[in-house]
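We begin with a single chain expressed as structure tokens, specifically the form predicted on its own.
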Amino acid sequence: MRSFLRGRQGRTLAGLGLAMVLVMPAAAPVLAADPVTLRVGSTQDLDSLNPYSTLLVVGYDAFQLTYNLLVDFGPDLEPVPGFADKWERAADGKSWSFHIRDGMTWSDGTPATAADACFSWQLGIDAINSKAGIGSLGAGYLDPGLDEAKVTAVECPDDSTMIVSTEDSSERVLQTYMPIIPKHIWGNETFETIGDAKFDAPLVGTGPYTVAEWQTGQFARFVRNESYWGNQAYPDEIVIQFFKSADPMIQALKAGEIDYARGGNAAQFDDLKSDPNIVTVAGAANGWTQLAFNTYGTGTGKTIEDGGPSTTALLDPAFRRALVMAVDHQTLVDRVLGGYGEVGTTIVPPVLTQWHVEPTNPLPYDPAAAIAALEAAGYPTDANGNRLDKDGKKIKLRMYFPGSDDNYPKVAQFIQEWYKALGIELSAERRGSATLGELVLPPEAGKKYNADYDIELWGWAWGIDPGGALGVFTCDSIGNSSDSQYCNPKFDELQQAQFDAATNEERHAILAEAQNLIYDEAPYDILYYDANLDAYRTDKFAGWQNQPTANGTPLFTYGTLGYTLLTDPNAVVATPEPSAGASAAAPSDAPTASATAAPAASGDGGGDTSSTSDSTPILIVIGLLIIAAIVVAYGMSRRRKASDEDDDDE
């Protein structure tokens, strides 16, 4: 397989060229350096470059590197300038005025204006207002953010102003994940067509990087956007390489073939801690891993003949609760996660401390109680101990999971054994992420879909507002983001009410009721809130910063801050003398290289000149340096070419 993870032999020549410039200012560099490439590993394969169609975390990073949000996220998730550089709320609290930064251009040189922002947000508004309020902008993950912020209209009276009207006075409008895409390229698309539009590399954006190349299952390559309005990041390119599993990714990190690894199991994570050039980060999870039970037909009037699970038992909350009691969640945390996580309970993760509640009526791990509950609910066993549904059919459940997490097969084995103790046979199959994303879709998503599964083992990651986590359980989410096909009008009322709450105290009470309703009805068995186990090397890049700073990870977080803060760990940075009374101590993660100012090229200055009688040795040295540079350059060029040819043969 051809690798685009290039080395940096050219850095040596750049240093030699710098030395020559210091000796002879008029000399040009001998050989330009290879691009400085940040190499990132992920076990998630990118599913789409279309920001409205991607289902995966890696897809979010891809579109956020290319496209700005109207308002971005700072180090601790505070609102910071993005496509807009400043904003203010109207006195009545029902509208916002956003100033679009002056002079900004798209990466193809076209001016980026408020018209692009209005076009992009209008796509979401149109989706929300369509089909009696059922948002359908692509996969349906982005437009709910505008709905939750109660956005009703956008207006752009000039190139620098965007006015957003809302129905409430919250600040959720500053937390939306709605990418600003170029109207001059996509202006003929509507909310109905943009989700199916083919976004091909290279893309045009206003972000710090743009997608230059994507090969499914191999890599996505991003190049620095030289028109970017913000901090010009140190890496010239970013390559996200896709691995089939975590083990080869971790081995590549150890070997220095990649600089960052997203995800790994506990044993791999612990092993990396002994490497002096690698830092491990266990980021707090703003999400979970769950078993999503297929409840298609619940609350919608559909029947199992219309699609959905293999047994009507999955439509019964009593049956689902018994399955929850059969699972030892603490064992999963201990033996699968190695302790890097928390037992799962309700649908708002504990990291959102302001909103999370534990269940009022917790379901303990109790296999005997689970069996008793099944019997009481009308699910007996036959003479062979096989559990039967109310139609007298043997219950054989089918579980699917993606290949993006090495922990999933381990979880599946535990679940199979625990369900077996109930007399329930469970098959478990791995599917590709994109395939699984389509497999769980019901007929509402299109005639080719039929929600043909029983249980989905997968996970979610959320934004900083709890509304998103609740959104996958609304009736409207069936056909796009729902993977349980659950529908309960009471829950929909709670979801709406928590957004309408006048105070945080009122909202907390409503969210508590909503969390308990889902827990009691059990369309999900939330197995655990798993930590994000990431690791990065410190010998190739410095400036790594977690987001949030207290408990996050540097990459795959919110926005693209972590990519733009990276620096050269070998850079010589001038250190000013500390002022009187000031501490000379630097932060623990600051560069430690000593500072040495480079001499400036001397000018004529009007003074006496040196005698030419001493110039011959200097010229000889310069000549030798030039010859050495050419020899080294030729040798490295040959090695680089040979390496590329070897890659072609793989």
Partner chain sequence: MTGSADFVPTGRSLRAERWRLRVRGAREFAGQFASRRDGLIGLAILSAFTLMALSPDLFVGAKETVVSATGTRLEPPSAAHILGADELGRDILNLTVHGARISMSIGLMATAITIVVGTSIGVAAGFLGSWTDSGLMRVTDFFLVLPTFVLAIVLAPVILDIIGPEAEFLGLRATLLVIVVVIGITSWATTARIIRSQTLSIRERMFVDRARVIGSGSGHIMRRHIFPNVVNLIVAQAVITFAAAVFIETSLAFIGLGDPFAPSWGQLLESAQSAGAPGLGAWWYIAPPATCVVLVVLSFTLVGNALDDILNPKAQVRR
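Note that the rigid core is defined as the largest set of C-alphas that superpose within 1.5 Å between two forms. What you are looking at is a predicted structure, and each value in this text was computed from that prediction instead of being measured. Positions refer to the first chain, counted from 1.
The form predicted together with its partner chain is left out here; the points below concern that form.
Every residue of Gln251, Asn265 and Arg430 near its partner chain in the model of the complex, heavy atom within 4.5 Å: So, yes: the whole triplet contacts its partner chain.
Exercise: Arg101 in contact with its partner chain in the model of the complex, heavy atom 4.5 Å: The answer is no: Arg101 has no heavy atom within 4.5 Å of its partner chain.
Proximity of Pro350 to its partner chain in the model of the complex, heavy atoms at 4.5 Å: Because no heavy atom of Pro350 falls inside 4.5 Å of its partner chain in the model of the complex, the answer is no.
Contact of Gln416 with its partner chain in the model of the complex (heavy atom, 4.5 Å): Gln416: contacts its partner chain in the model of the complex.
Residue contact check: Ala412 to its partner chain in the model of the complex, 4.5 Å heavy atom: Answer yes; at least one heavy atom of Ala412 falls within 4.5 Å of its partner chain in the model of the complex.
Interface residue in the model of the complex among Gly287, Gly230, Pro79, Gly338, criterion: non-hydrogen atom within 4.5 angstroms of its partner chain: Result of the distance check: Gly338.
The unique member of Asp85, Asp72, Asp406, Glu189 whose heavy atoms fall within 4.5 Å of its partner chain in the model of the complex: That would be Asp406.
Candidate stretches 308-316, 203-211, 327-335, 169-177 - the one whose heavy atoms come within 4.5 Å of its partner chain in the model of the complex: Result of the contact check: 327-335.
Phe242 C-alpha moves between the shown form and the other one by 2 Å or more, core aligned: It does not, since the Phe242 C-alpha is displaced less than 2 Å between the shown form and the other one after the core fit.
Core superposition between the shown form and the other one, C-alpha change of Ala153 at least 2 Å: Moves: no, less than 2 Å.
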